[in-house]
Structures are given as C-alpha cells and as structure tokens.
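Encoded as structure tokens, the following chain is the form predicted on its own, with no partner shown.
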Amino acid sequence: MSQPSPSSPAPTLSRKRVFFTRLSSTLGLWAVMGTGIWMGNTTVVLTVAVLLGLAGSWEYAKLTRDDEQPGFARWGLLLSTAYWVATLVWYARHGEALPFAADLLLLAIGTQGAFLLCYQHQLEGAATLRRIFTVLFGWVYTVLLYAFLPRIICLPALGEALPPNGIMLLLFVVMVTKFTDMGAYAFGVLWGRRKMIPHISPAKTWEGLGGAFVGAFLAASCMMALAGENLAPLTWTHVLILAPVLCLLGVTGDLAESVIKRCIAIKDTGHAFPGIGGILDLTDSLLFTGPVFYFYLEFLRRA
C-alpha cells in the first residue's frame, strides 16, 4: 500500500516562509524610511534614495556586463554615478532637484560614449548594437525613471501657506506601490489559482491582482486618514483616482522587471533583501509609479 507523500505540502509551506521573510525585509526597510521621515531631514532621505538609485545602477551593470567588452557596462555605471553625485551636489547648493536638462545632457553623452567604445573593436553585427542598446536602456531604466523619486522629495510647497512636503508625498507613493505588491503576494499565496501571464511571471495570478487593488486602496486610505494635511494638495478624490492607477502601474513595473529577468535567465537581480531579492527587485514597481505620480503633482501645482 503506497504511503502519502510527505513532501506534498512543501510548496505551500515554502511560499508562506517566503512571504514572512519578505514581510520582515519590508518592515526593516520601513523602519529605515520611518526614521528618516521622523527626523524630517530632506537631505538624509534624499541621500538614502540616491544611494538606492546608485546601487540599482551598479546591480544592472553587473547583470548585463559583457565579459568580452566590459567597457560598455563600466561606461553606463560611470554615467549613473555622475548623475547621482550631481543630484546631491545640486541639492546642497540650490535646495532643489537637478534640472531635467541634466537628464538629457547625460543621455546625449551616454549615447555618444557608447558609439565611441565601438571604435576600439571590430564590429560584431547585432552583438555590437545590443551592447549600445543595453547601456542606453540601463540609463533610462535605472536612472531616468528612478530619478523621479528624488524629484518628489525635492518638490516645493504645492500651495499657498503650505510647507514643502515632498518626504510625505514620497511616502504616499511608496506605501501605495509596496502595499500593491504585498496585497498581490498575500492574495496569491492564499487564493491564487488562475495564472495571469504565465509566460512572463508564472507565480502571478488574477486573484493576486485583486489583492493588489485591495492593498493599494488600503495604503492610500490609511495615509490620507493619518496624514491628510501633510499630503496637500491631495484630497480624498485624488486618492480614489491615484490608488487604482498606481496599482496598475506597480503591477506593470513588476512584470517589466520579470521580462528582463527572464531574458537573462535569473530569478532575482541580487540578494540584498531576503525574500525580496536585489535593489531592482525592490524598486521595479516604483520605476513606473514614480514618474506618473510626479507629473500628477505637477499638474495639480500648475492647475
């Protein structure tokens, strides 16, 4: 008589263990961010954000490094480092975010430099083009998109008689984005059955997507209830608009990184955060929510 397999519940236990490991890492990150917010020091929060951006660029360069011609990855990392150093220096001198002109300038320099690197070696057809595109895509993905988070931190007052509240607005978008991720993961572990896009991310389910919306609305509502005045000019109406939009963008950003990881055949971009992965695993969804949230605030400021 055959015995029941003792290993049958292992996948469920493993997913639960991963969930609690992931939750522990998330709480630790919240503790760090909460300390910076409690201090109310924009320079501290901005520096932490810049260091995460630099770490993400370094992680990308490591993942896409071509051993035959490593100069391309080094060039991309040099550009990223220059940008983040300029961000901190500019804020120290002017008390504001780096002008958008700097983004375009370094993008132009990056493009020119990538072609200059080609002049040192024999052309290798499509492989040479891939090296150029890898550098430029890395710049857009890890710098231009992520840079909207420091820009949110540096936002001036968005209304008359209001103090600058960029730190709290950053907290809002991070909370909504990350609770989107946690809601999706929790619902997926508990009730996930129907695969959403299995050829990109086999673990994501339609039930998890429902949990993502729950997490987004919960985080946005809690933030508005606890810090409404400090989130000006956001109101409850804006919360109802932003929660589903940021949720969908967060899920899209997470899937976008899954595309990258599948294309280079890795599970996580690193091991910096147990249960989460690397820096890019942590910031992937914010790369999509940050820019839209920034321009939404800019629209409110100019309306």
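Predicted model, so just to flag it, every value in this text is computed and none were measured. We number the residues from 1 along the sequence you see.
The discussion below concerns the form predicted in complex with another copy of the chain, not included here.
Segments offered: 208-216, 123-131, 225-233, 175-183. Contacting another copy of the chain in the model of the complex at heavy atom distances within 4.5 Å is 123-131. Among heavy atoms of residue 103, some come within 4.5 Å of another copy of the chain in the model of the complex. The closest non-hydrogen atom of residue 41 lies beyond 4.5 Å of another copy of the chain in the model of the complex. Not displayed here, another copy of the chain is approached by residue 148 to within 4.5 Å at the level of heavy atoms in the model of the complex. For residue 247, no non-hydrogen atom is located within 4.5 Å of another copy of the chain in the model of the complex, even though that partner is not displayed.
Note on contacts: among 55, 255, 61, 242, the single residue with a heavy atom within 4.5 Å of another copy of the chain in the model of the complex is 255.
In terms of contact with another copy of the chain in the model of the complex, the residue from 107, 189, 97, 77 that brings a heavy atom within 4.5 Å is 107.
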